[in-house]
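As a starting point, one isolated chain is supplied in structure tokens, in the form predicted alone.
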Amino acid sequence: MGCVIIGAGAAGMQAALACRKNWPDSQVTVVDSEPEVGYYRTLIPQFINRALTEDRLFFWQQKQDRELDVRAGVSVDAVDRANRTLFLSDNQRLPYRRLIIASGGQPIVPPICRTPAVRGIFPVRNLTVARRARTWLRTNPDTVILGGGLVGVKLAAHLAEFNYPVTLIERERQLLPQALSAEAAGVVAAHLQDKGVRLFLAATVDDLQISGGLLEAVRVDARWIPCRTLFVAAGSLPDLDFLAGSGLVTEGRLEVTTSLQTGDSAIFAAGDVATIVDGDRFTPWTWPQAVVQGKLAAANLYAGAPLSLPRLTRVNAMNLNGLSLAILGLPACGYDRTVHADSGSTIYRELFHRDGRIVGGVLIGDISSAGRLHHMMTGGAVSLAEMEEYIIPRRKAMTAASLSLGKYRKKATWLGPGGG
């Protein structure tokens, strides 16, 4: 009886690898419902559009550590805390001494997209579905993506790179409503449109046209759009169903301390499944956070004085078909805002701050200062002049047009879990 990890995504695999490194003589078991583990979920869009071969998705393979017990294709049905035992879908029981829950999230699929026996609808979440979509797209290129969050925007950008006809639909009035201000989102929207992506904002799919079990079109704003492939990227919710009756879930949340410990001293949680409580509740669901949390959960399993997360920031970086994007944190209502925008270019930089402390922001087009600004976010207070040094490129003089200071009071509407 040793350490068991539920989930083999970024958090789960990092936890498993850290456990094997820290305690090489102890039994470490990973349980995951997918048939393969150890791949970069964030690279699924590049795999779907055939920019990447499947072998390049994987960062770990079983041959790298034969002693790590990986039970792929098996899900956890229930957790018996009293007897420290997991009930598995293959009718096996798995005892544990310590448990890390890293089950991630399940995709949100709107009712309109749950039509049974219809070919061409793909929730964007895992490699199994991505394989089917990749093959399907070859003969069904007319594509609609439902959801303008990080996953939907990335997928649209990468499909457009290979000239797929793409329509992107977002129910809010801007793209990336969980991550960017309206102004920053406008820069991303303009770039996607320049690449040929058709955008519908403040809209959704309200009907499907189906013929012979095949998707032919979707209706958006009373318009019928030809569509043989519909990707659902409407976000995700923590995968908590198997914890019913465990006593670990509070109002639909698996809450943990900043040390990632649940209410049970033998159970930790990391990644998209966890809600971190530190005065407020935080859900910093990004790939970088998942990696850090997985390693920390492993380090704290047997620690007498568990360590806390060094930061709760939601830093994320990506390239959207030629447009670099670094997200430093969510837009913050009521905070001071410093903005630099190059007229006629895609360079846009924005910081939210108060009393010398940076709480969020984004760099678009030129992300060279992302590392330094993130370091400033996690340090002490800094002056406005120091912020401006990294927001405004030194080669350009500060002008009224390129720098604006003010209050950002627009109320943001969050749809659910984010991250890339």
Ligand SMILES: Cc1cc2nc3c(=O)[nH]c(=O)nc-3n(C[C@H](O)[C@H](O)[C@H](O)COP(=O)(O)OP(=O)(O)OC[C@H]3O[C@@H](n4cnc5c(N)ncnc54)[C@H](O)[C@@H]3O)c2cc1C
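Source: prediction; values computed, not measured. The first residue of the shown sequence is 1; numbering continues from there.
What comes next is about the form predicted together with the named molecule, which is not displayed.
The stretch in contact with the named molecule in the predicted bound form, judged by heavy atoms within 4.5 Å, is 68-76, chosen from 325-333, 68-76, 295-303, 162-170. Though the partner is left out of this view, Gly196 does not reach within 4.5 Å of the named molecule in the predicted bound form, counting heavy atoms only.
In the predicted bound form, the named molecule stays beyond 4.5 Å of every heavy atom belonging to Asn321. Contact check for Thr262: every heavy atom lies farther than 4.5 Å from the named molecule in the predicted bound form. Under a 4.5 angstroms non-hydrogen atom cutoff, the named molecule in the predicted bound form lacks Phe122 among its neighbouring residues. Site annotation in the predicted bound form: the residue of Gln178, Asn316, Gln174, Thr143 reaching within 4.5 Å of the named molecule with a heavy atom is Asn316.
Checking Thr275, Ser246, Thr258, Gln106 for any heavy atom within 4.5 Å of the named molecule in the predicted bound form turns up a single hit: Gln106. Contacts between stretch 25-45 and the named molecule, counted in the predicted bound form as any heavy atom lying within 4.5 Å, involve Val31, Asp32, Ser33, Glu34, Arg41, Thr42, Ile44, Pro45, listed in sequence order.
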